[in-house]
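Just the one chain here, laid out as structure tokens, in the form predicted alone.
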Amino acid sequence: MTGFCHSDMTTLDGPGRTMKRSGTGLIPLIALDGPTPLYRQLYGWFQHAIVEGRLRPGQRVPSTRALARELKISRIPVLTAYQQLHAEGYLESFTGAGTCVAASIPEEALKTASRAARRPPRKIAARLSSGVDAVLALPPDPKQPGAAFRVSLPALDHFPNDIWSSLLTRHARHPAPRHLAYGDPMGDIGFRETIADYLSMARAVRCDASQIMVVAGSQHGLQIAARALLNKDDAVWMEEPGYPGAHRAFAIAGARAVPVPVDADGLDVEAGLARAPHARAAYVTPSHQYPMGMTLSAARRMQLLSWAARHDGWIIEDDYDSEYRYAGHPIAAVQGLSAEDRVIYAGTFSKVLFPALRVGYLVIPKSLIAGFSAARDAIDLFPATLFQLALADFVREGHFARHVRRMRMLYMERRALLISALGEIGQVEIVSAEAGMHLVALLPRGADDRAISERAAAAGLSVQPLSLCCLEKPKRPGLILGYGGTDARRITAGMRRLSALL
């Protein structure tokens, strides 16, 4: 659609063309076309004309009535476009003089903007925080959500969706007004009571509901703990090899990671004391060390608690998949042994139920509750309420316990199949097979686990290199293979491909 407006000022041609002075003046020639709303097309034409200098400061523009008449459109989109141009300072109106390009826009600024618009965009070296720079310096974590052997992925196709959807509907259909309002930074009190009861019975954790903080998964919990406890350059003991997500959580907080080796008894506390005796915190996975799988021995647990009490340190215990242990009963938490209350305990439902749930929890020492609550309030106010309500019912009504029992049997079958398939390869040593949803296959010395991981990714497999978990050069390369979310058919087919790569 094309239209012309007459004025005694100027003539304007279409976008990209120069404006010519004319006594009678035909203004402007505007093409209106395409699905974009008319007011956006008009707004865009005038904005570009002003920025590019085709309409100059103080120059009159047609009245809304005249422009609508000549373009043969409703006056409403013209009014809307002019209102937006007024609001953004491109146009101004004067009694008796009509509407003009704002005189407050310096011509030199318009010339500069016009030149910039004609130049190709230049690359800008963005300055990032030192914490982000530290994270970028760490090895990237390859994520292939749908690939076989993806670490930490549960059997999503076995989740009881019918039960879960009915619980969600129960709370979404007629919610109480308080559940739609702003919530407590610590989380819904009913759900926290449910978590406290569960942890007391299943994990021997000593706590009450006031100590529970609901978070968006254990990674979020680590971030909050880092913000609440650590200052820049504070030393933190990190298991070596250890969880890469913890490396990132503490790096972005500016903490200084101190790699502490693990052996058959777990974290070597004596080595930690030699490297950084006055560390501010120690991050550990004592029930099922990630990724190697050993359990922190009783002697080491006592050593760790003694270090924390003597040096005013804090223990961050990540109990990420303790529900799945295939030999004997689940291991009791270190938190329950702490007479000095020096342990921050972190857990998650992501690996037991499904990752998109994004619900986890922290158990916070009472002396730290106010500080952690303030940190949470500053970060994201409070956790979403609906999933807490549904999950509380899911646990209280027994669905959670039944699901865990079913998944334990399923994962035992998948684990046995994967161990058998790896045994046929003959080039690897299997560790970390007694619990959880993954195991580690150690490779011959000299092998490049990252290169193998990249080749595996090209073949549709998600095998994580063990070196990704190391802050120092690993003693031996390896691959971390998840079996929770990989069924028997894909395990068999995937191992054939992996065997060919090896």
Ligand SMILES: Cc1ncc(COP(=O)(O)O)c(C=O)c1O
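Worth saying up front: this structure is predicted, and the values here are computed from it rather than measured. In case it trips you up, residue 1 is the first one in the sequence shown, and so on.
Note that the form predicted together with this ligand isn't included here; everything after this is about it.
Although the partner is absent from this view, residue 351 contacts this ligand in the model of the complex, with a non-hydrogen atom inside 4.5 angstroms. Contact check for residue 396: every heavy atom lies farther than 4.5 Å from this ligand in the model of the complex. Using a 4.5 angstroms limit between non-hydrogen atoms, residue 256 is distant from this ligand in the model of the complex. Contact annotation: residue 358 falls within 4.5 Å of this ligand in the model of the complex, judged by heavy atom distances. The stretch in contact with this ligand in the model of the complex, judged by heavy atoms within 4.5 Å, is 314-322, chosen from 314-322, 428-436, 76-84, 408-416.
243 is the sole member of 400, 164, 387, 243 with a non-hydrogen atom within 4.5 Å of this ligand in the model of the complex. Checking 283, 191, 149, 345 against this ligand in the model of the complex, a heavy atom within 4.5 Å turns up for just one residue: 283. For the partner-free chain shown, 217, 218, 219 of 199-228 come within 4.5 angstroms of this ligand in the model of the complex, judged by any non-hydrogen atom.
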